[in-house]
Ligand SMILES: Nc1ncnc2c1ncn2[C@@H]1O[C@H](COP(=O)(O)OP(=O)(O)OP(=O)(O)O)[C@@H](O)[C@H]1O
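Next comes just one chain, in structure tokens: the form predicted on its own.
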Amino acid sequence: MSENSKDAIRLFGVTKTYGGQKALNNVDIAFYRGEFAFVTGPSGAGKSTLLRLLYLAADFTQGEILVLNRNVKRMGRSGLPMLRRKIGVVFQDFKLISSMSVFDNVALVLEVAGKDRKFIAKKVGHLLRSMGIEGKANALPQSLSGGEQQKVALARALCGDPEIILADEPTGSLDEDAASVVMNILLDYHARGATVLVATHDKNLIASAQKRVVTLVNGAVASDTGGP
């Protein structure tokens, strides 16, 4: 595939099996660079599994996946960390480090990338302010509400200005106003050129954004509407 491919993500006949049961079944789909798309479907449809494969947290049973033109099965171990730095992930269960402050959880991505302290302080401070949680910078995650933890997880995902943002139920713990803030932030990063995939079952969220919607049922693509 050309280095100039318009695809940010491409799946060719991807199947993922857990204990003999297909969580994904022959999924063949592309998400384009700079695209915003929702992945929806009932519980157990394969939404979270799909995202796990895309952020390289799990292997797949058959098929091929290309992320930013890199075939993930052909990459050596040395190539995976570099690719992961280009992907920001908002996990459904947050995955915040309980022994680290909110600030340090968000800053970790930049520290690993070797950014200087002044840059980190400015970047993390801006993200926390944009989400209305700047007053929680020194707090530990377990002292926060679910909605606040969700915002910290989003800030961490965005901190490295990733080319791809994968969000698994990013508004699931939020009230309507907070959910709107989170969606506007994701749309802002999309407007800057990021490819954004949001896994959700929230029909109101999907309707309000008016973006491409890929629906999974029993691990297969049942419909794909509103795309380019």
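Numbers follow the displayed sequence, beginning with 1. From a predicted model like this one, the values you see are computed outputs, not experimental measurements.
Unshown form predicted in complex with this ligand; subsequent notes refer to it.
Remark: residue 210 does not count among the residues lining this ligand in the predicted complex, judged by a heavy atom distance of 4.5 Å or less. This ligand in the predicted complex is approached by residue 23, whose closest heavy atom lies within 4.5 angstroms of it.
This ligand is not shown here, but in the predicted complex it comes within 4.5 Å of a heavy atom of residue 44. The closest non-hydrogen atom of residue 92 lies within 4.5 Å of this ligand in the predicted complex. Of the residues 180, 48, 173, 69, just one reaches this ligand in the predicted complex with a heavy atom at 4.5 Å or closer; this is 48. In short, of 187-195, 48-56, 158-166, 26-34 it is 48-56 that has heavy atoms within 4.5 Å of this ligand in the predicted complex.
With contact defined as any non-hydrogen atom lying within 4.5 angstroms of this ligand in the predicted complex, 201 is the only contacting residue in 201-227.
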